[in-house]
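One chain follows as structure tokens, the form predicted on its own.
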Amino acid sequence: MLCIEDLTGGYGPRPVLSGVSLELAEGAALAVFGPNTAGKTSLLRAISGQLPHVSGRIRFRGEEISGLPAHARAALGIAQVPEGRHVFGGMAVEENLLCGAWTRRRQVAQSDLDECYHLFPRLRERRLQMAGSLSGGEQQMVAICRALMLRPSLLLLDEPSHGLAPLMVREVHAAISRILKTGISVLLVEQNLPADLPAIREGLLLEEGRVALAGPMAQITRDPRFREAYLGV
């Protein structure tokens, strides 16, 4: 589904990413790890079309998308949930969700909203509440469902558990497991090791914008380089 070859890019003359390559199969999941400033968020932004300066190749379902703007990539089925959620605080929960379906406005049905409310029943109770008044965990639910309203085939998740209480982290991770069962491919950037996400079997460690390790999760987490770079042991 997603194939990246020799990706280099950043926000100015100095690259944040250098020679990154990866592959993600249809319906599969990949976890991206790394210390702060390793380039994890920049990688997601490069895929979604938000990184200003990029070279290399990005292919999505066989189509070269490196030259496409962000909105065109979204129309192809690439949705990103940004770090920090970024909900529209002055709009109701349901209005936030409908914003996620902007590329398919004429095709939106009540069933789309119902699927979101089934994934996070709490949002149905708060559908008319201003999103800015929700807790951090509830805002994360809104951000995830807003992306799902696009009906994506690739979901980019940037640290969805950041700043959440442990109980809410488990709820968000449980939702990601259910999303994976629908066949959506997931690229997950996460600081916390997703031990409760057994469906994520492949991992990638970034260091200073380069791929330091890539392979099965069990292999990566046992590697001394991973333990030193990520766990500090």
Partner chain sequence: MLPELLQFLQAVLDGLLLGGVYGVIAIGLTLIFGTLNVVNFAQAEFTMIGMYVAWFLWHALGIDPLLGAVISFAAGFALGAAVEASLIRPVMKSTGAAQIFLTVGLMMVLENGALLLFGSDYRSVLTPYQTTAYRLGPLFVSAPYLYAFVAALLGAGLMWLVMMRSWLGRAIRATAQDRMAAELSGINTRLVHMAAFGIGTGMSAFGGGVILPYSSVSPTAGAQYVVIMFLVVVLGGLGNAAGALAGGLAAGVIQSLSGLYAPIQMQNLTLFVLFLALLYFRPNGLLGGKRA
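Residue numbers count along the first chain shown, from 1. Every value quoted in this text rests on a predicted model; they were computed, and no experiment measured them.
One more form of this protein, predicted in complex with its partner chain, exists but is not displayed; see below.
> Looking at 159 to 167, 121 to 129, 134 to 142, 82 to 90, which lies within 4.5 angstroms of its partner chain in the predicted complex, counting heavy atoms?
Flagged stretch: 82 to 90.
> Taking any heavy atom pair closer than or equal to 4.5 Å as contact, tell me whether A70 reaches its partner chain in the predicted complex.
Residue-level check for A70: yes, a contact with its partner chain.
> H173 versus its partner chain, in the predicted complex: is there a non-hydrogen atom within 4.5 Å?
Because no heavy atom of H173 falls inside 4.5 Å of its partner chain in the predicted complex, the answer is no.
> Report yes if any heavy atom of C116 sits within 4.5 Å of a heavy atom of its partner chain in the predicted complex; otherwise report no.
Close contact is absent here: in the predicted complex, C116 is far from its partner chain, nothing within 4.5 Å, heavy atoms only.
> Counting only non-hydrogen atoms and a 4.5 angstroms cut-off, does L150 reach its partner chain in the predicted complex?
Flag for L150 set to yes.
> Taking Q50, E95 and T103 as the candidate spot, are all three within 4.5 angstroms of its partner chain in the predicted complex by heavy atoms?
Contact check passed for all of Q50, E95 and T103.
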